[in-house]
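Starting off, we have a lone chain in the form predicted on its own, written out as structure tokens.
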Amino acid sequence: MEAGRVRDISASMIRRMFEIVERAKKEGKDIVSLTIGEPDFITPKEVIERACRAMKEGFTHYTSNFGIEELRIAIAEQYGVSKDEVMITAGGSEALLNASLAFIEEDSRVLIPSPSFLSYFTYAKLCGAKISEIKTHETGFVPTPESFAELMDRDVSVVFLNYPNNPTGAVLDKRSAEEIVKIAEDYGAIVISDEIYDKIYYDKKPASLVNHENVIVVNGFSKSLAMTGWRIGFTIARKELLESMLKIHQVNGVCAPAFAQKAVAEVIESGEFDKIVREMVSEFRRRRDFVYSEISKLYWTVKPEGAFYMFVDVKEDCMKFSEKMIDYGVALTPGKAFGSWNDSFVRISYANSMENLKKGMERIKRYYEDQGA
């Protein structure tokens, strides 16, 4: 029998769309998938070559629960913190779950801006907490400190922030972010700042929330080094908070793959990391500009400042729209996956080739014209 804690949790809508696309492809349909949030680039050869060498050198065993020192130091230097405030995890998702289990109190409230990454809602439910959402649609998909202040009280145990944001690409300015952190601190709440897209930004640089007493920063290399399958994440927080998360991590993720940790550490130390990210972001910018120029002629959206997503108001039920788009040869993610007030939105991931993006935009335009819009 399924445990009560998972009974109200549905399978990821993103994964469901992925399965629908795979089934349609097996039936011989030509589908352009703009659903999955992972770079279409192959993991850089600089990482692969170093990982192969590390395996041959014996980096195939457990590491410390905190990760190899070399990588912790490299990350600490990037963010201006002590290595003792860095813990390597089996992907950013494991870090998020560790933080959730360590700090979300049962029956407490968890504040989540909407739209936000669907997993935050799942973590809150798993921990038996009540979810309070903050609507951001009228403020460019970024929350205001005032909107947090209205909902904050002593019942709040955790606040989730994710900027650059999935699914909108919005970036929260430093002053607002720090005001939200201060409001949470005044009420004894922990802020989990998911900064997995912090290296993928365009004209507005996101501010990291490291070095705040009540903040746990979660990050990783899945997006910045196109390493989704390698499972290398990390968390930055003061030592007392890390110790609480360690209680979960040591029986959950245990440690990230040793050879992958070693490879990433060396790529950062060599200076190649910044070059790889620059080239990737340059291509994402080109794709963003193309998709925005095409989709904004048809539907309302906010031009993304980071990540590789666009959140589009299609002015009809997002589930029906997404189903109809499969018939037109495009897969999109329904907005309902990302919280309340998103029933007429879909997420477009432009982490795909320009060739596929052009096909996708043509097909969306054909549907739009067929509706007589």
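The structure presented is a predicted model; accordingly, all values stated were derived computationally and were not measured. All residue numbers are counted from 1 along the displayed sequence.
The discussion below concerns the form predicted in complex with a small molecule, not included here.
Contact check for residue 238: no non-hydrogen atom falls within 4.5 Å of the small molecule in the predicted bound form. Put simply, residue 37 is close to the small molecule in the predicted bound form: some heavy atom of it is within 4.5 Å. In the predicted bound form, the small molecule stays beyond 4.5 Å of every heavy atom belonging to residue 292.
With a 4.5 Å cutoff on heavy atoms, residue 92 counts as touching the small molecule in the predicted bound form.
Contact with the small molecule in the predicted bound form, defined as any heavy atom within 4.5 Å, is confined among 130-138, 152-160, 192-200, 169-177 to 192-200. Taking a 4.5 Å heavy atom cutoff to the small molecule in the predicted bound form, the contact residue among 72, 223, 288, 249 is 223. Of the listed positions (256, 215, 112, 96), a single one reaches within 4.5 angstroms of the small molecule by any non-hydrogen atom in the predicted bound form, namely 96.
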